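There is one chain below, alone, in structure tokens, taken in the form predicted on its own.
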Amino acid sequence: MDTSSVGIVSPRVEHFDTPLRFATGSELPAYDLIFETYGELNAAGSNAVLICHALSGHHHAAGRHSEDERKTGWWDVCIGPGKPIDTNRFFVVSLNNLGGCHGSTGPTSINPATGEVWGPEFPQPQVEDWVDAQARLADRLGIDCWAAVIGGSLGGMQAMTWSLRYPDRVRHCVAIAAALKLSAQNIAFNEIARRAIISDPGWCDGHYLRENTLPAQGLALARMVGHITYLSDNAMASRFGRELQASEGDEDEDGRREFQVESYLRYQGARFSTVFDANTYVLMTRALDHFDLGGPGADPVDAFRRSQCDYLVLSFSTDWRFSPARSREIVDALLAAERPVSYAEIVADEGHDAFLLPIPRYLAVLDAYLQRVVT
């Protein structure tokens, strides 16, 4: 028995009938949120921790759904008994955001006004809309204030937004490999990924489910582009180098033996295209592109002055998608706003994906900080 695992977990779904107005002015009349919880909420309701997922993440952050399932949740390295997000101490909540494709209401859900899937008509959410929906879920669960809101990448942007939008409901904010807003280069990568999807003949203006087709090739290409940016040059060199596939039959159309990295990227892209929705990918990347802490053109220093919590900001040395410089911008703004902040840059070869991996110093820093969180 693995005593560091939360074990077998089951998702829950909460339905909300109160309309949610998005920042864009659109309104979602009703919606479902799927989520998982780990640990027990204490009598005071003071030990709750919210996990915010990144671009292609979901609610299944720890444990397994069955004894036969080999793969654990996407952040199992951090969540569980004795782990940094210790379920012996904390009641952990992890959900799939609105617009997602893993059980929360999104483009693959039925639009009650038409009786057909939402598809491209699903309203465009922004990060603050996700936070508002999460706040409603907290109300439903009896959580008045989070002991901590934690997220990596796009999840870190949600965590920071929580600290500004609901300052009296967050005691600690942990932003990992995040940024105050996206750089032009990041927006460009997202646009290339979207263009790959939209250019696929199976896209059908986003109505591919209605037309019984899928932009599978475009979604696979989008994932390949994204995956490259999540890895560092060192990580790719150590894992693949210029090694060729060892077995015969792995030649390209010109009869040349393929590089291992080519085969790996094609596998990742093909697998992703079977488990993720193309409209969701478009929505999520657009929300990421338009994120600007405190609002478009806002001064982050002024924005952080609204907060009341302590902060931990973490970055990784070889992350070029959300580089340490972006995290230092967050720290500088917090210091200028006279907010309490701890910062560490973790030396790691794994690039942006490092926040998902069991890197000892990373886990030690996160654990040391969360030991300070009084429940």
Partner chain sequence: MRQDLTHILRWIRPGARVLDLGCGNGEFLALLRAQRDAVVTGIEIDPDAITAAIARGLSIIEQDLDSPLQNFPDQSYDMVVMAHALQAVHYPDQVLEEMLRIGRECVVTFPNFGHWRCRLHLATRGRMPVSKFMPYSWYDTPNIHFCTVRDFETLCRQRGIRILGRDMIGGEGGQSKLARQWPNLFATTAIYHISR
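Positions refer to the first chain, counted from 1. None of the values given here were measured: they were computed from a predicted structure.
Below, we turn to the form predicted together with the partner chain, even though it does not appear here.
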Fill in the blank from the handout: Students should find that, of A348, C309, L28, V331, the residue having a non-hydrogen atom no more than 4.5 angstroms from the partner chain in the model of the complex is V331
Completion exercise
The one option of I359, V9, V365, L20 with any heavy atom within 4.5 Å of the partner chain in the model of the complex is V365
Practice task
Consider N42 of the chain shown here, and say whether it contacts the partner chain in the model of the complex, taking contact as heavy atoms within 4.5 Å.
Solution key: no
Practice task
Please run the contact check for W320 against the partner chain in the model of the complex: heavy atoms, 4.5 angstroms, yes or no?
Solution key: no
Problem - Exercise: A336 in contact with the partner chain in the model of the complex, heavy atom 4.5 Å - result: yes
Exercise for the section: Check whether L55 has any heavy atom within 4.5 Å of a heavy atom of the partner chain in the model of the complex, and answer yes or no. Expected result: no
Fill in the blank from the handout: For the partner chain in the model of the complex, the stretch among 339-347, 31-39, 44-52, 61-69 with residues bearing a heavy atom within 4.5 Å is 339-347
